[in-house]
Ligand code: 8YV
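Next up is one chain by itself, shown in structure tokens, the form predicted alone.
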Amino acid sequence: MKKKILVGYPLQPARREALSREFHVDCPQTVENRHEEIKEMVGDYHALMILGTSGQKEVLERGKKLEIVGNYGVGYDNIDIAYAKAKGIAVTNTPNSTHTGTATLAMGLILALLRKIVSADRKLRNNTHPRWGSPEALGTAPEGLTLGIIGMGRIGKALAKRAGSFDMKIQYHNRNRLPIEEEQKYEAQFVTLKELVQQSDVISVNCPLNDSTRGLIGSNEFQIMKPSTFIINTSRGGVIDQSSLIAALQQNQIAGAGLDVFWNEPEIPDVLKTLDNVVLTPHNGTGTVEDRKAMFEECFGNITAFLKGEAMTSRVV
């Protein structure tokens, strides 16, 4: 009998048919109601491939036959890891196919803020742009600025590589310091979190969300940043205290923010939508056709390898 895999979002018929040659593959019918559909369907499946919040206990406890949950993304704070571990359910993620796209988006947010690309576009469309060439319209060149990277994993390293091509100076803070040869490769200097916050012209948050990083950047950190500092978050909204970020922007404690993630997604505070020095994207770090295809292959590959008793490329528990 074929093992049953539930993919947590609608599949194109051709792909579903191809996957079903070896496994029994199903999926919800709609994007909008997929969470509720998954809750109703999961009880009879051996594997669940999820996107979003469908890895919480209320879903997992209905999966009486579940052997593995594959997360369609590198972060797995959307999965109740403790419950999965207690029930012997394996959990995998996709760290090998997400870092380049996310790093590219982070670099894009940096350039958009420094060169005022989004605010200029908005003002031109609304006929509110200042006189062409006026000092108010001038941005900041990335060359020579110090980029502070919080979390020097795959994404942080990929961002350092991109920023280096713009002649930015790289410093980083990590739970563990990188080997000297890696620091030399990326021309990156290890510093304390306080030093990074105080010294950086641009700060990029690239660490995972967990108990030690929740609210890592808050009012104390914003108070010691330079007023010319820009902060970028392509990690998880919870790493930055959102109310403190809003206060820092309103009080001109920092120069601006580029945000791909938020505290309570998909809700975004209205005030963030009104500020010219804020660029917003909808949790879209891997939002390219190429990235999503690679993520699917990695995630589905992990699931099928597990069900066949073969080695997986990544495993959380």
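Just so it is clear, the structure is predicted and the values come from calculations on it, not from any experiment. Superpose the two forms; the largest set of C-alphas matching within 1.5 Å is the rigid core. Residue indices: 1-based, along the sequence shown.
Form predicted in complex with the ligand: not shown, discussed below.
Asks: Considering A158, V74, L105, I170, which brings a non-hydrogen atom within 4.5 Å of the ligand in the predicted bound form?
Replies: By the 4.5 Å criterion, the partner-contacting residue is V74.
Asks: Exactly one of T98, S119, T213, T146 has a non-hydrogen atom within 4.5 Å of the ligand in the predicted bound form; which residue is it?
Replies: Flagged contact: T98.
Asks: Wondering, does C299 line up within 4.5 Å of the ligand in the predicted bound form on heavy atoms?
Replies: C299 lies outside the contact set for the ligand.
Asks: Within a 4.5 Å heavy atom cut-off, is H35 in contact with the ligand in the predicted bound form?
Replies: Contact with the ligand, no.
Asks: So, in the predicted bound form, is M295 in contact with the ligand at a 4.5 angstroms heavy atom limit?
Replies: So M295 counts as contacting the ligand.
Asks: Does the ligand come within 4.5 Å of any heavy atom of L51 in the predicted bound form?
Replies: Residue-level check for L51: yes, a contact with the ligand.
Asks: Given the stretches 282-290, 37-45, 58-66, 250-258, which is the single one in contact with the ligand in the predicted bound form, using a heavy atom cutoff of 4.5 Å?
Replies: Within 4.5 Å of the partner lies stretch 282-290.
Asks: Can you tell me which bits of 230-264 touch the ligand in the predicted bound form, meaning any heavy atom within 4.5 Å?
Replies: Read in sequence order, the lone residue that approaches the ligand (within 4.5 Å, in the predicted bound form) is R236.
Asks: So, does R34 move by 2 Å or more at the CA between the shown form and the other one, with the core held fixed?
Replies: Yes: R34 shifts by at least 2 Å between the shown form and the other one.
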